[in-house]
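Below, in structure tokens: the form predicted alone, a single chain.
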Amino acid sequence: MIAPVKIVGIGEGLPKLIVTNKMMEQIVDTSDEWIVQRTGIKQRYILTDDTTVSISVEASKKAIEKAGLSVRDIQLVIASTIASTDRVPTLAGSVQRELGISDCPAFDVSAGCTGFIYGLVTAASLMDTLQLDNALVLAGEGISKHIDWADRSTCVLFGDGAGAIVLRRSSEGSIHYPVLMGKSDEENVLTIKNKDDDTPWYRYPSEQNTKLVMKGREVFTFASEVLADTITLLKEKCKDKPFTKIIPHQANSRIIEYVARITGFKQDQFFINLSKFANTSSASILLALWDAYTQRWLAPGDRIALIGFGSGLTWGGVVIDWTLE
């Protein structure tokens, strides 16, 4: 069961370095025109001496401040990531430490690019189960550390970034109709393998590929299908009070344009900021939500659908009544 909660704070955290498509032309056989035409991406933020933890802390500070709370008020921390600074401790635990948040449940979820949706629904559910008043939900990704920068089919697509929201218990809930789904990735269409170190009992193959590998055509087909299906399902669930705006995972502008056509929504009902950030995995919806809010594309009273899809394979969505001024 989801507690009656609402979003009361939001923030973003970004690396210092912006890498444009023109800069990408210097390291791989590609062009600005090719990237923009096929993806909609014009630039991306890339980690250098900053870290997934540091940008996640920045986003979380902004969200807590916007909520009018202090770190002492946070009673739950859930982070989504597939590319954090460390394997241990968790990203949630690192943010908790850096911000000085008191003892409370703190853990990561890993559901690919759908991770923020999973984390949001999990947080709202735990707030009901544990009778909590305030929760911090964040997503931080350092995908650039796992990219093959000689592979032009993938290296132009991804960027790094972090976003965060604060949830507060309220008399009337603003988060509705959660959808969480997944199926096995039998064809390995999107993978990042761990590097296995040798043990005294086994020597692992030296040619281990630990970089992101993606089958673009299969990912496009999967993403288009589940994005359209989730929009349709959420539309049916809230037909008495329909949503009028959609913030999808920012993977490829062509996917969003195609889905807009087949679902009957207008292009301007979708918020797209892919040109600015590229694909930041589970941070993308939060970064889009931040931009939509700060650019006044969102206003109190709007009903919006957030929809994610990604590796795993996973997908999901949720409808939100926007209340943040």
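Fair warning: this is a prediction, and the values are worked out from it, not measured in the lab. In this text, residue numbers run from 1 along the sequence as written.
Keep in mind that the form predicted in complex with a small molecule is not shown, yet the notes after this line are about it.
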Quiz item: Among 68-76, 147-155, 101-109, 124-132, which stretch sits within 4.5 Å of the small molecule in the model of the complex, heavy atoms only?
Solution: 147-155
Quiz item: Can Phe309 be called a contact residue for the small molecule in the model of the complex at 4.5 Å between heavy atoms?
Solution: yes
Quiz item: Should Asn279 be classed as touching the small molecule in the model of the complex when contacts are defined as heavy atoms within 4.5 Å?
Solution: yes
Quiz item: Is Trp34 one of the residues lying within 4.5 Å of the small molecule in the model of the complex, judged by heavy atom distances?
Solution: yes
Practice problem: May I ask you to state whether Gly93 is within 4.5 Å of the small molecule in the model of the complex, using heavy atom distances? | Solution: no
Self-check item: Gln269, Thr263, Ser275, Thr30 - the one with a heavy atom within 4.5 Å of the small molecule in the model of the complex
Solution: Thr30
Quiz item: Taking the small molecule in the model of the complex as the reference, which of Arg254, Lys211, His176, Arg168 has a non-hydrogen atom within 4.5 Å?
Solution: Arg254
